[in-house]
Ligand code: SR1
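This document opens with one chain alone, in structure tokens, the form predicted on its own.
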Amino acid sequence: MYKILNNDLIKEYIDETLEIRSILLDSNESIDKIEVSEIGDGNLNFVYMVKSSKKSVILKQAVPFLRCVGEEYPLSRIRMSFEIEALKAEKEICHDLVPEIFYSSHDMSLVVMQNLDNHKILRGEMIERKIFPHLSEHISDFLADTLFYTSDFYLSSTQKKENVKKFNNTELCKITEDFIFTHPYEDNDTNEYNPKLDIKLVKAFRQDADIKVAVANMRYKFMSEAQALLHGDLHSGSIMLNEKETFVIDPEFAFYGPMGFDIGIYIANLAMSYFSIQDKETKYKNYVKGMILDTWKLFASKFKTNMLNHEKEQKSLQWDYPDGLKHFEQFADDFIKKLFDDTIGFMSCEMFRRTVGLAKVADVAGIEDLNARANIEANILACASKLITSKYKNIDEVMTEIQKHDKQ
């Protein structure tokens, strides 16, 4: 039977649950040896660190409401079931990039997993101007492999359609539809602005026909194109790392959607970090620029390799003729080009919503000088407006566009 846990109830629950107890305690040890502390500050769920002399783990539980608001905002607990299943699927595909799961319960809407106590959240580390030499390699691996191996390119038609049903995460998808693709483009009460940001700029993009149509197209793609299993919220707050290891966490928004969404959200957060860096920090600005370029280029190369290698292995009749593999490669190039266009479209929507919508990024929102922050936000809005209404041949052209709008 489900119950909301707290520090004391967690001890009782562990004492009653042999699978967890055996991880943390020897058979003759008292439950009093366990220490529990709440560490989560997220919007959706409660997160605790549970520690014994033997091991330290993270226990995460979903409650039937939005954690950051309270019981007046009801929210189904089923989101934890989607997170558990997404973690399992991602772990199977990208073993070294996803935390280990020790125990999970759909009935209790909780998961017990590896405590990444030697790792930190990427966003905070970027704000501190830390450099991670393997990050782009790791994230491009995660994107290329999770998106390929959960798609029609790899799965049978039957398995893919079963997965789409399994990850029918309607409630959290509706949150994304509202807060990324709808509310920022209307006069909605949930929107929040820097008081120093010129409201005329906001009204201008809300009434621009090209922008409105482009955003509507991206919203429709998000709602209708079930290409692969997405993380669904892959920003710099969903990655924990150190100089050697990278882990992707918190896939509670996981569902089957357009591949470009995960890539675009991640690159958008890199771009907003880029805008927040002052000219005097040229070295770090160049580092983030490199991350933007490398993430897409490495992803595209790895995804295409996955496509070609799989086709060589399965030798499908469709491409079984002298020039078949060459023609399949043309198909792969065409697909990746369309995926690139989607990526830039979703990237733009994320930049819009993080500037004028409810949820901000600390890279920009943490700037204490509101006038300086407003200047950066205006640059981000102008860049997003240009990116979503234009076509680009490659990520280098996109980076050039970002640099054009980086006016300090």
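Residue numbers here begin at 1 and follow the sequence given. Note that the structure is a prediction, hence the values are computed from the model and not measured.
Quick note: we don't show the form predicted together with the ligand, though the next part is all about it.
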| message | I'd like to know if residue 30 sits close to the ligand in the predicted bound form, meaning any non-hydrogen atom pair within 4.5 angstroms. | response | no
| message | Can you tell me if residue 235 lies within 4.5 angstroms of the ligand in the predicted bound form, counting non-hydrogen atoms only? | response | yes
| So in the predicted bound form, does residue 296 come within 4.5 Å of the ligand, heavy atom to heavy atom? | no
| Are any of the heavy atoms in residue 47 no more than 4.5 Å from a heavy atom of the ligand in the predicted bound form? | no
| Tell me which of 210-218, 330-338, 172-180, 102-110 has residues with heavy atoms within 4.5 angstroms of the ligand in the predicted bound form? | 172-180
| Of 37, 371, 43, 53, which residue is found within 4.5 angstroms of the ligand in the predicted bound form when only non-hydrogen atoms are counted? | 43
| field | in the predicted bound form, residues of 325-363 near the ligand [heavy atom within 4.5 Å] | value | 353, 354, 358, 359
